[in-house]
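Just the one chain here, the form predicted on its own, laid out as structure tokens.
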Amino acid sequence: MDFPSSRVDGQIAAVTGGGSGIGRAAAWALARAGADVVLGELPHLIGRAEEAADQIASATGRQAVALPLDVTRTASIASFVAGAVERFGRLDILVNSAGVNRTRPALEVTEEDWDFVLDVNLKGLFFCCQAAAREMIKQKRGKIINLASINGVVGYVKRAAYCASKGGVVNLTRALAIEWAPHGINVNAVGPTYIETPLTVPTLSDPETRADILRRTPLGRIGRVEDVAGAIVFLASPAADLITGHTLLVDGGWTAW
């Protein structure tokens, strides 16, 4: 009996938001599992992605490069994907990790707040999927992994725009999975609970909010980026070849209540 591998040896993976947090961990994990990686990061923050790429290449022996990427600009997305393909000749895996949040009561959310969160978390993610899929369709294969959130399936206070954006990611993942399955492309999402990253510092540094999150989590701890990276590698690997349109919740049991 030939069991599928959980490795991604020789594949080319692009990671948006690759300079920090979950994106950086995903790039590390994919390289350790055998992939060459392209880390996308905002132009003014490209230095941290270049640092991560250098560290990954040195530690794993895989090729790792950093390219500028602003997911709110379709021209930047097109340039990022084209740069990855020019460098490596193809694109096998896309991880959409770039994300933002603005935490405030729903009655105080401005139009600018709403547009900022939705433009990055949902609109930008969609156009990254589209650009990558155009390359993957040529190859008749590919894996797309979107970063959703438990807030895509359950609500939480002061996160109206964020919950809307991540709920959109969950259902967009289903729609793209159906449409692109005939082309050999798997589209899945990972829905983490609250993870210790630069993005969650304002939330997790508040003692009351942190205690509430822990109370809602049966496993009793805040998540680590490594917890999410493992799920990403699994969905990118041959072990997940029959999984598509699914959101894998890495939530410590939050949604099991």
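As the structure is a computational prediction, the values presented were derived from the model and not from experiment. In this text, residue numbers run from 1 along the sequence as written.
In what follows, reference is made to the form predicted together with a small molecule, a form of this protein that is not presented.
Even though the small molecule is not shown here, does Ile22 get within 4.5 Å of it in the predicted complex, heavy atoms only?
Looking in the predicted complex, residue contacts with the small molecule include Ile22, since a heavy atom lies within 4.5 Å.
In the predicted complex, does Ser149 have a heavy atom within 4.5 Å of the small molecule?
Yes, Ser149 lies within 4.5 Å of the small molecule in the predicted complex.
Would you classify Asp227 as touching the small molecule in the predicted complex, given a 4.5 Å non-hydrogen atom cut-off?
Asp227: no contact with the small molecule in the predicted complex.
Is Lys166 one of the residues lying within 4.5 Å of the small molecule in the predicted complex, judged by heavy atom distances?
Lys166: yes, in contact with the small molecule in the predicted complex.
Would you point out which of 130 to 138, 83 to 91, 174 to 182, 96 to 104 contains residues with a non-hydrogen atom within 4.5 Å of the small molecule in the predicted complex?
It is 96 to 104 that comes within 4.5 Å of the partner.
Identify which of Ile195, Ala52, Ala231, Ala33 has a heavy atom within 4.5 Å of the small molecule in the predicted complex; exactly one of them does.
Checking each option against the small molecule in the predicted complex, the one that comes within 4.5 Å is Ile195.
For this chain shown on its own, do Leu42, Tyr162 and Thr200 all sit within 4.5 Å of the small molecule in the predicted complex, going by heavy atoms?
All three within 4.5 Å in the predicted complex.
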